[in-house]
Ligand SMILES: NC(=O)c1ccc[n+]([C@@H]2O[C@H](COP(=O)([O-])OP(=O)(O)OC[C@H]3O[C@@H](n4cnc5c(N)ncnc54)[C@H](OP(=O)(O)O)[C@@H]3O)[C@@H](O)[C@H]2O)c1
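Next comes just one chain, in structure tokens: the form predicted alone.
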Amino acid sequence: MKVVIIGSGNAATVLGTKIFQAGHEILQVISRQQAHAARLASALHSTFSSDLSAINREAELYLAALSDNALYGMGAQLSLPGKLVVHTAGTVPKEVLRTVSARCGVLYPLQSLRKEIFPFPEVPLLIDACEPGDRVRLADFARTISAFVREAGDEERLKLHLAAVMVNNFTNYLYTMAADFCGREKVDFLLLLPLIKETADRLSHFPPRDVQTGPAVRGDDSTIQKHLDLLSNYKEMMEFYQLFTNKIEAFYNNPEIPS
């Protein structure tokens, strides 16, 4: 398939690279940041431009990997009648692109993407389109770059995006606090990496609720108090510790009641 990439950030780079490696032709990279567009275009063996009005109109698919705000303003800058135009956002409805083309849709990567981290991870793709035929075409295209492809409407994508924030962004902030604590207390945070990996790997085999461990589940009040004493100089970390301890205790004392 002939593709134009609109954007040059993390999603554009990772998806663009996977599209190129799958044998599709990247006709052009469009980005306001010309240097970034040129760099990505060179890697994808394509042309580039920083001017949206100069977009190549011969593509079969236009992939808009832009910020949410930029997506809402695309219709005022670009019209591609008859072309399949999709965005990569999890929380933006597909209809936002209808002012660009009636053939609008979504190709949402349910993954944390960083263009500087190699190798690129496996990327589950959630797809949707305004026209049923385009939904089929987009699904076929997505399967050439990912083994995990699923149709998901606007509401389902939003729910999965929220869950993704919890399991990725929120947990990473806990890692950040733990790493800061380890640094201040002069213990090696890297010793925790096997534990982090093991905890994540278990979720491939068991529901999260079945593999919860720790003093809160055991009702180990003595250990909990020792931890709280150690956190006396770490107010924010203590607040998180107390909150999570209370929530875990309440849940496992009565797991049928939503937390």
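Each residue number is its position in the shown sequence, starting from 1. From a predicted model like this one, the values you see are computed outputs, not experimental measurements.
FYI, the form predicted in complex with the named molecule isn't displayed, but the following is about it.
With the partner left out here, the named molecule still marks one of 28 to 36, 228 to 236, 213 to 221, 188 to 196 in the predicted bound form; by a 4.5 Å heavy atom cut-off that stretch is 28 to 36. Proximity of S112 to the named molecule in the predicted bound form falls within the 4.5 Å heavy atom cutoff. At the 4.5 Å threshold, heavy atoms of D68 reach the named molecule in the predicted bound form. The named molecule is not drawn, but in the predicted bound form it has a heavy atom within 4.5 Å of N10. Though the partner is left out of this view, Y108 does reach within 4.5 Å of the named molecule in the predicted bound form, counting heavy atoms only. This chain is displayed alone, yet in the predicted bound form one of L80, A89, L160, L126 has a heavy atom within 4.5 Å of the named molecule; that residue is A89. Contacts to the named molecule in the predicted bound form (heavy atom within 4.5 Å) from stretch 160 to 180: none.
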